[in-house]
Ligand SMILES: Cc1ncc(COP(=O)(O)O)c(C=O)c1O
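The chain below stands alone and is given as structure tokens, in the form predicted alone.
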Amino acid sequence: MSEVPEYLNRRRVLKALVAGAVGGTVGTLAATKLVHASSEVASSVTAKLPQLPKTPKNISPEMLAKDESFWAQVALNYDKVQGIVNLEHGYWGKMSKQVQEVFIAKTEMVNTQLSVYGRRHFKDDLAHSTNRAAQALGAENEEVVLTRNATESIHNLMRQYNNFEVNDTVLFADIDYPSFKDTMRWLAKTQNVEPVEVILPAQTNQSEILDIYVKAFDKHPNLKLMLLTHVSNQHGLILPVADIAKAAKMRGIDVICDCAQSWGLLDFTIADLNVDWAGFNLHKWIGSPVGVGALYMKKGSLEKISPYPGEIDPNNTLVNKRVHTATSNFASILTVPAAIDFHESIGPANKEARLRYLRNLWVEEAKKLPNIEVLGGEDDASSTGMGAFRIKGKVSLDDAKMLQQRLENEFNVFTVVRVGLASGCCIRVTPQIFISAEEIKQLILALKSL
């Protein structure tokens, strides 16, 4: 685990980060007054913020994942809803208390300084947040631009792809995000190319997944562009992205990678994926405020993705010209460095191991039940902390909705219905690092009662 940043440990979040946001850029009497006022108002709150626990020495992430006392201390850094076990954290992530305080401070600063800050100084702070995200991804600064979400990033890549020829084909899979599948179908129609959908088994592994994709490549020699999901939003299945991308590149197939769910859920860098283009969310597993995503475009790969309409990049060197987000939430973007710092302080590998452990607690029990079908990865390499299940033979949307309601109303466990899999609908289960093993037992008891 990385050393906890001083401003998080000493609980001087507002004073330190508001000063950092306005002290070095605005430098006015009004800014100084704002820093003092913000820190004074928040002093009673920040003094109560908890600290992250120190990681025991010589312990692996897998062993630490089972230490309930350690994770109970981590959980103190989050405000949790009472009265229900929330196992639906794949929608968006929760900010820690420390990150939330930074976000509040940034909001107050922006709301006070308004266009004085926005016109004069936001550009520099945007660059700082962007560079911090690039650093965490293992990318170069000029390869990343912040967006509002992964959907915006990936939609722009799809819509602005400009390398189609007659008789080309595009490929996607049933486990991809439904909106992206629809966009690929729209792209095929508007560009007069053929759409191909790959179907993956409801339960599968890395070798089988790679084999299915390679067979699809060989069956469709005119494939030009494919969508490849790192972690499926439906059931948490990990795809062997690097291997699939390698096989695609050997055949001249361009790859757009959907990392909307994977960054922060898994511990990786962009180099591990072997892709030229990818979209990310920071407001899911990284824990930033809602409304921040990222677009990655490897240096030298911009020629096939046109600038956003109205933007100009004659030399194809500027990734920021591939988006135009207009006026965004300044405070959310300014909070990105604090969110990444907190994420890294816990440790990406520790988070991944803890979430896997929580999933395995309920999956191991669910697999023993004759009426429960667990979906997704069959092995550790194909599984994440996200998971999904359904009642065997109950695959319709109505079946899934009824099951979700039973879990919520009868057992006080909140989950979500997922659609789009060729095998049918399911219930997705996504715990977070502040969920305890005891809370997972409530889901297990529900499964045994269905």
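Note that this is a predicted model, so its numbers are computed, not measured. Position 1 is the first residue in the sequence shown; the rest follow in order.
The same protein also has a form predicted in complex with this ligand, omitted here; what follows describes it.
Though the partner is left out of this view, His283 does reach within 4.5 Å of this ligand in the model of the complex, counting heavy atoms only. The shortest heavy atom separation between Val231 and this ligand in the model of the complex is within 4.5 Å. Although the partner is absent here, Tyr296 sits far enough away that none of its heavy atoms falls within 4.5 Å of this ligand in the model of the complex.
For the chain shown alone, Pro348 is not a contact residue for this ligand in the model of the complex, no non-hydrogen atom being within 4.5 angstroms.
Look at 104-112, 119-127, 150-158, 359-367: in the model of the complex, residues with non-hydrogen atoms within 4.5 angstroms of this ligand sit in 150-158. The single contact residue among Trp71, Tyr213, Phe180, Phe330, judged by any heavy atom lying within 4.5 Å of this ligand in the model of the complex, is Phe180.
Distance criterion of 4.5 Å from any heavy atom to this ligand in the model of the complex singles out Gln261 from the list Asn320, Gln261, Asn77, Gln100. The partner is not shown here, but in the model of the complex the stretch 89-119 reaches within 4.5 angstroms of this ligand through a heavy atom at Gly90 alone.
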